[in-house]
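Provided below as structure tokens are two forms of one protein chain, presented individually as structure 1 and structure 2.
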Structure 1
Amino acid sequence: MIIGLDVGGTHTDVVLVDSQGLVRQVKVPTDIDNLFDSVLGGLDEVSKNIDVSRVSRVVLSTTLTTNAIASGHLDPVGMIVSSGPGLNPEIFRTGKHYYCVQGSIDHRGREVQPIEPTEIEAIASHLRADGIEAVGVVGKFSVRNPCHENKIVKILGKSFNYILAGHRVSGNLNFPRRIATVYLNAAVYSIYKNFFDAVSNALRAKGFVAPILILKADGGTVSLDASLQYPGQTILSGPAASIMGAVPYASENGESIVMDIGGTTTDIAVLVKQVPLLEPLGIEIGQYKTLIRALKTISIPLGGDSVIKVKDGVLDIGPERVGPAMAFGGSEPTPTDALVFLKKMESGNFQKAKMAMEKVGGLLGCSPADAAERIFSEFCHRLTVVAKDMVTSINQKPVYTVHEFLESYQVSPTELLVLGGPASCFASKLSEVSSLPVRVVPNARVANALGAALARTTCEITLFVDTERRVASAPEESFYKPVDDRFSVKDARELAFSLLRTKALQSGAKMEDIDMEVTEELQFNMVRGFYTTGRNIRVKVQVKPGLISEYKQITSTEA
């Protein structure tokens, strides 16, 4: 048996699945100020009267880190940043305890200027004096050579609770994002650790023996233990849960748009042959642009409970939500009221919904029925426009080789999958507006929790080879290997795959779920004077986001 739990803004959804399919589904209200009770309450409810020792896997997706960032409840972090030539690193200041230090590395990973140990020692004592417990160390081009970051970490010693070096968070080049990513990981570390230590202890006390996995923003899972080092990976895992919930129902050979229509927002994503597209670099949250791997999603403030307004005779929906729909006891008209009034939604108080539509109709100068139809249609139009713009922008992605330009893969979705509370009510209209067949994901109301339950472990490796400097490196993994000039791109690919396999297993994957692919592969001859002096090879591989192999059987009984 597997448990999947997804904490949302208003509800926490929990499912229990076994080899026969969905056994139980539970919805409990989320208490933003006490997520621990929401999580534990949901788990208690779903595991009532079952032998919890038979649960083989528990996957949790929470808004813990996302909320911490949104509300600014972050720990102070000491940041030590070395940059060298380029933009002034002061621009990327993360807070009070931000120190720019000497030392620089160039694009090939060569040392340009050494670090100054006494400078670091002085900063360390400042940080200690200020009571700082979490420290981030970031160097420009540290993913090409982390020696400065490593030296600084060593000098900092053991007197801090948490130290994270930039080269460990991603193999991608982007110094400002590296700073933001390290900062966020460090800033949520203690909150994250305290929370999950408590969850883990509580589950063990209840008799759970199953491994606990955490859902990441890239739609993959990671073992709780492995997640403690990089808690930032869990930021914005919410949309990922829902998208993963749609995966088993998506076309195996085509492309699909997924819409998770919630109360406050709608999340939109694109799947290619059941594999969700990823952000090229990482999530953006608030003012932070990061290197945290994430599914490419667009979140728009448009949901079933968005407030309807009429300004100068023009209908507008959202962006805010002030509570439930009038049909469900709220005070303002919403799209949900239109659904209830049009009898597309069975639940809800029809009289209240009618009042809501009369109010809107009055302002628009039309009948309640016309008002409801206009709201309904406007809602579907807006979602369709955003989805189509998203596809256009995916297809406008820059390319850097002639081959890519000529071959460049153009996404053209052939179906729309909808999930979330009111999803089924919008299906036929969305189909009409978008001219795409629309399918409602089975168990649309808890598909997010199912997605979490069934998501496989994902990870990525970036391998960088410079045969002139005679080194192959994957700094994220602290991996270095001397190579000679015969080292080929094929060798690099094999090496990257083997590193990826190891990483996936360490992060909690099962061998049969490690579905690997190359996402980038470039090779350059390096010519100095008129001679080839080496090869510069860059290979990026990933375990594709997807579902564990057991899912097929489970979900096929649902459809």
Structure 2
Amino acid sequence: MIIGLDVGGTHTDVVLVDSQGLVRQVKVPTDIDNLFDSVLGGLDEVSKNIDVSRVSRVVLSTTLTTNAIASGHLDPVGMIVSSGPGLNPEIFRTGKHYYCVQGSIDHRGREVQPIEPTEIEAIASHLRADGIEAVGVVGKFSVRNPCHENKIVKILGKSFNYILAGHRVSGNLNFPRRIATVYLNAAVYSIYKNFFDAVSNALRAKGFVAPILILKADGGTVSLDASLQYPGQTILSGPAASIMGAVPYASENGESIVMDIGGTTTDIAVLVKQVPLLEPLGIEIGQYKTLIRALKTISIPLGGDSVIKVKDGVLDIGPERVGPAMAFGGSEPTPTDALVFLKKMESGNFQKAKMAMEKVGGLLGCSPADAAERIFSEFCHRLTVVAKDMVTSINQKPVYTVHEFLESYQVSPTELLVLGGPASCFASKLSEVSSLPVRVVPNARVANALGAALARTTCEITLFVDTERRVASAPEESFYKPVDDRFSVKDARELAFSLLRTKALQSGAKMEDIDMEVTEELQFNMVRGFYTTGRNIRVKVQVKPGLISEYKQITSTEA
């Protein structure tokens, strides 16, 4: 048995699945101020009268880190940054406790200027005096040689709760994004650590012995223990859960738009032959551009419980949500009230929904029925416009899927897949407005939690080889190996796959789900005078994002 749980802005969805399909599904209200209780409440409900020793894994998707960043509830972080020649790192300042220091490494990984230990010691003293508990350390070319970052971390010692070196977060070169990535990981660490401890202790107390995994923004999972090193990977894991929940049912030969319509937001994505698109550089959230690997999604503040307003005779929906629909005990009209009034939704109090539509109709100068129809149409129209704009934006840039770069590829969706609580209510109208066939994903109300439950563990490795300097390195993994001048691209590929396999197993993967591939392979000759003195090789490999091997057996009963 597998448990999948997805924390949404309105509800926390939980599923229990086995080889026969969906065994149990649960929805509990999400308490944004206490996500721990929402998670534990959902797990309690879904595991009632179940022998928890039969559960083989638990996968959680949480909005905790996303909410912390969106609301600005971030811990103060000490940042120690060195760059050398080029842009002044002061441009990328993240806050008050940001220090630019001596020391630099060039693009080949050679030291240009050493660090000054006394400077770092003085900074550490200031940070401790100011009560700083999390510190980020970033050098411009640390992925080529992390020796400066490692020395700084060593000088900082054990007087801080969390220290993250920039070379550990990504093998990609991008100094500004690396600073932002390290900063966000450090800034959400304490809130994530508290959540981590509470969930771990509570599940163990309830008798769960199965591995606990967290869904990442790239649609893959990582063990709960491993997630504590890089809590920023869980940013936007909710939209990733929705995408993975739609994958089994998408077209195998065309492109699909996916919409997860929730109470607070709607998440939109595109699949190409069942494969999600990837943000090639990393997540952008608020003011922060990062190197955090993520699926390409758009989340808009438009959901079933969005507040309906009328100003100067103009209808507007959202972005605020102040509670449930009036039909479910709330105080303000919402699109859900329109659905209940139009009898497209069976649950809910019809009389209260009627009151909501009378209120809106009075402001619009029309009947309650006309008001409900206008709300219904406007909601679907806005979703369709955003989806079309997303496709246009995708086609204006190179297309990257989680498996490959598609040169000159143009996305032309042939279907719309909808999931989420009210998905079936909107399906026919969305088809009419978008001119696309619309399919409701099986078990649409909890498809996001199913996506979390069935996602496989993902990870990647970037291997650098400099045969002139006779070294192979994967700084993210603290791996270094001497090589000779005969070391080839083929050798590099085999070594990278070996490292990746080990990392995947340590991150919680099962051997049968480790489907590896090369995503980048480059080689440059280094020439001095008229002679080739060595080769510079870069190989990037990944475990393909996708679903665990059992997914077809589990989902076939629901199709």
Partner chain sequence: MIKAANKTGLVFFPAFDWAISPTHPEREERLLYTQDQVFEEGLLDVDGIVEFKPDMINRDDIRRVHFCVPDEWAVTTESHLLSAGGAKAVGSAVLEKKVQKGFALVRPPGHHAMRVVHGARGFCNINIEAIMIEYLRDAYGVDRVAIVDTDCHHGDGTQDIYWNDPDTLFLSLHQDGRTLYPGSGFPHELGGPTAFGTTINVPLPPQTSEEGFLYVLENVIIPVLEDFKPELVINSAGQDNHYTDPITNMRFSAQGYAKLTEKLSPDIAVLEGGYSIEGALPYVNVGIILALAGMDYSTVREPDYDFEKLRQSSAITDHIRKVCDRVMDYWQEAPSLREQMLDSGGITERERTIYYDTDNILENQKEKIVVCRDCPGVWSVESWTDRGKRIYAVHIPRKACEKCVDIGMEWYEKTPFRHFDIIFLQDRKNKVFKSRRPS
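Numbering for residues begins at 1 and runs along the sequence of structure 1. Whichever C-alpha set is largest while still superposing within 1.5 Å between the two forms counts as the rigid core. All values derive from a computational prediction rather than experimental measurement.
In this pair, the copy labelled structure 1 belongs to the form predicted in complex with its partner chain. In the core-superposed comparison between the two structures, the C-alpha atom of Thr401 has shifted by at least 2 angstroms. Core-superposed comparison between the two structures: the Cα of Lys388 travels 2 Å or more. Once both forms are overlaid on the rigid core, the distance between the two CA positions of Val440 between the two structures is 2 angstroms or more. After superposing on the rigid core, the C-alpha of Gly361 is displaced by 9.4 Å between the two structures. Summarising the core-aligned comparison between the two structures, the C-alpha atom of Gly263 is found to shift 4.2 Å.
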